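Given next, in structure tokens, is a single chain: the form predicted on its own.
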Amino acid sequence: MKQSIFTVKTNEIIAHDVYKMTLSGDTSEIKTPGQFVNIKLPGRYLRRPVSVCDLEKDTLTLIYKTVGGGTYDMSRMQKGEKLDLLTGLGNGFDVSCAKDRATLIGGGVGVPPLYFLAKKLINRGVSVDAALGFASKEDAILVNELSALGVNVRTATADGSLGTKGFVTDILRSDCAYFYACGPIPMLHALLKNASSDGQMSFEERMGCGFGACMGCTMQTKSGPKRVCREGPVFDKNEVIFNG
């Protein structure tokens, strides 16, 4: 973990209430896709955790949704403004688990960390498919960008305005060899019940400190309680427990 000051390069809306921000700064502590940063915002007590969407040398890309006052403040930030970030937080995806082929499964703002992951997998020679779910076409993000990397992308929307009408579990291929997933809890729960292949799941959770001190994001696993911010946010499918 490292605390650094980053400078806003761009900050633009890309979908309904969803923004893409690029920042310049010291990215040396970010090692794997699936890790996150924790952002200090002026006048806000708690930092805001945001997953890493992409990384190019000293440029960090974040995609976030405005869901409260803090992220609304972020959406108003302009080029040249400064942000205090904790970087290199969490344990990310293990790309070595996918051998020849992998399926990326994302829902809503769980899609961004899968972009950085796709780049890493493709660089290792892995063939990548993606199944992405959104509420509607207006909420869809990174579909074209993932396709441009060479990912075979399928989409599902709850209202049928893009791709298949339904949920992401409706568009999963039966020959999925290994998966990486990130999205809301109901999506991950449905995936655990329906996917027969092995894989990894990245959890979205409210966090107090973001580095394991407050224990506020603890979840139960088959090997005991674990902190999403410290031992996660990525967990092996086989250790995840859902109630119900």
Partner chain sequence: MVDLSVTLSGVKLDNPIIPASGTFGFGYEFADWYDINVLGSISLKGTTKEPRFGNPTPRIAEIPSGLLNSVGLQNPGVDDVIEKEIPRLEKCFSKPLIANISGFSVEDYVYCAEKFDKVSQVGILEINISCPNVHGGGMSFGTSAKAAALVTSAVKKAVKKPVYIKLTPNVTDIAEIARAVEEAGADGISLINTPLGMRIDISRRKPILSNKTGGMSGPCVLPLALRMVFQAYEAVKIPIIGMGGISSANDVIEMMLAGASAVQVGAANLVDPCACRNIIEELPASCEKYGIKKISEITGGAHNG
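Residue numbers count along the first chain shown, from 1. Since the structure is predicted, the reported quantities are computational estimates derived from the model, not experimental observations.
Missing here is the form predicted together with its partner chain; even so, the following discussion is about that form.
- Across the options 172-180, 53-61, 38-46, 195-203, residues that bring heavy atoms within 4.5 Å of its partner chain in the predicted bound form belong to 38-46.
- Contact check for residue 209: a non-hydrogen atom falls within 4.5 Å of its partner chain in the predicted bound form.
- Interface membership of residue 20, defined by any non-hydrogen atom within 4.5 Å of its partner chain in the predicted bound form, is ruled out.
- For residue 219, a non-hydrogen atom is located within 4.5 Å of its partner chain in the predicted bound form, even though that partner is not displayed.
- Put simply, residue 3 is close to its partner chain in the predicted bound form: some heavy atom of it is within 4.5 Å.
- Note on the partner interface in the predicted bound form: the residue among 128, 156, 86, 83 having a heavy atom within 4.5 angstroms of its partner chain is 86.
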